[in-house]
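The chain below stands alone, shown as structure tokens; this is the form predicted on its own.
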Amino acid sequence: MKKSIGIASILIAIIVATAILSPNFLTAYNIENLLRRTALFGILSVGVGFVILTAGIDLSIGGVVCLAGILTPYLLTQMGWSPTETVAMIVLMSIAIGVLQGGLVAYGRIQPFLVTLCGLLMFRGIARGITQDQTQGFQGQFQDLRWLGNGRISIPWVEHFAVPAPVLSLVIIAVLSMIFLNRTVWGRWMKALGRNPSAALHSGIPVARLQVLAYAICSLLAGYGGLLFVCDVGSAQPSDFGNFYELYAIAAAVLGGYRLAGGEGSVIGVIIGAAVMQVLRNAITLVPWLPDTAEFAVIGIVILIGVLGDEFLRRYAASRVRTQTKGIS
């Protein structure tokens, strides 16, 4: 909770500073766009949080986003599938990807970094191969499906403003994730696994199945996120769609309070972290004296600050425990 309050304070400070430096920041159009992008990246960030909670990492998110995003219009327009069949295919494919990667980590004992790095390359390569590297779009059709990504939900008591449809998806996913992590035995086991894998194993916790589940959830949300992203923009080029999205997701999770060592994290914090990343991107675009080319430098700095902060807090907590132990003895 303390970490969530801290990152929320940083978000408010960035919003205030950007609003002062750019008059276009608080326009209805810009706020709506910020909410949409925060929701889309927030979905990816909530997913990667499950993997980080188990002391893992998933670098394949951008590749899964690309594959799901490219296949959605491809199956609809080129293969003649219905929206229901297409969505079902994306969901099942995403879960299968997560189960495969989680199985290699849990049962094959292969480092998550290597497994998911290979996945990042493979899934984008598959998308490029299936479509022969051609841009895929909806050809002006399937507006009902596209509403999930580019739709708006009107608020009766607020004029001239609507909540982007992806926000609804994020709220549902966030609520379900919080219930799972805080109100179910599987969620408590997942936290215990991240804190001490060896102790979790000897306590009878199904460590391998929890790891597979974490990667399956992450890939499912990445696939669903890819579907929403392409529904929002309307078309996608397989060579660059979803590029570096895993960095935004991981950065949001770290900023939101997830320890890279595992065992600790907050869904609300992750969403706030995703908002920080998107407001920073928006500020770089709107503030005249900030160069657009600085975006990835800012992301790198933010991730480094998050990692350093996480390490400092870990060492500080360990130091306090040692001090209290000595005082008792």
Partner chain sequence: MKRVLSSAVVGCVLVLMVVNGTSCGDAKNSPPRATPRDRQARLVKEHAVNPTAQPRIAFVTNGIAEFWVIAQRGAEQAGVDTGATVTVHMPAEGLADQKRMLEDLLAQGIDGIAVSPIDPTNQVEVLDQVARRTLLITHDSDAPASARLTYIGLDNYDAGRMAGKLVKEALPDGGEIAIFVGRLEQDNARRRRQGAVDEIFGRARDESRVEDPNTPMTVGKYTILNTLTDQFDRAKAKANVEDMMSANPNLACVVGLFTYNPVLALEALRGAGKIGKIKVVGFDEAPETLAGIRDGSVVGTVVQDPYNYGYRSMKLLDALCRGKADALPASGFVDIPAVTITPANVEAFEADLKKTLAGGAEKSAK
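No experiment lies behind these values; they were computed from the predicted model shown. Positions refer to the first chain, counted from 1.
One more form of this protein exists, namely the form predicted in complex with its partner chain; it is left out here, but the text below deals with it.
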**Asked** When its partner chain is placed as it is in the predicted complex, which of 215-223, 163-171, 95-103, 133-141 ends up with heavy atoms within 4.5 Å of it?
**Response** 133-141
**Item:** Position in contact with its partner chain when the complex is considered in the predicted complex, options V87, L114, V233, I126, heavy atoms within 4.5 Å
**Value:** V233
**Request:** Decide whether S82 counts as a contact residue for its partner chain in the predicted complex under a heavy atom distance cut-off of 4.5 Å.
**Result:** no
**Message:** Can you tell me if Q237 lies within 4.5 angstroms of its partner chain in the predicted complex, counting non-hydrogen atoms only?
**Reply:** yes
**Message:** Test of understanding: in the predicted complex, would V298 fall inside 4.5 Å of its partner chain by heavy atoms?
**Reply:** no
**Prompt:** Do N282 and its partner chain share at least one heavy atom pair within 4.5 Å in the predicted complex?
**Reply:** yes
**Prompt:** Along 28-43, which positions have a non-hydrogen atom within 4.5 Å of its partner chain in the predicted complex?
**Reply:** Y29, N30, N33, R36, R37
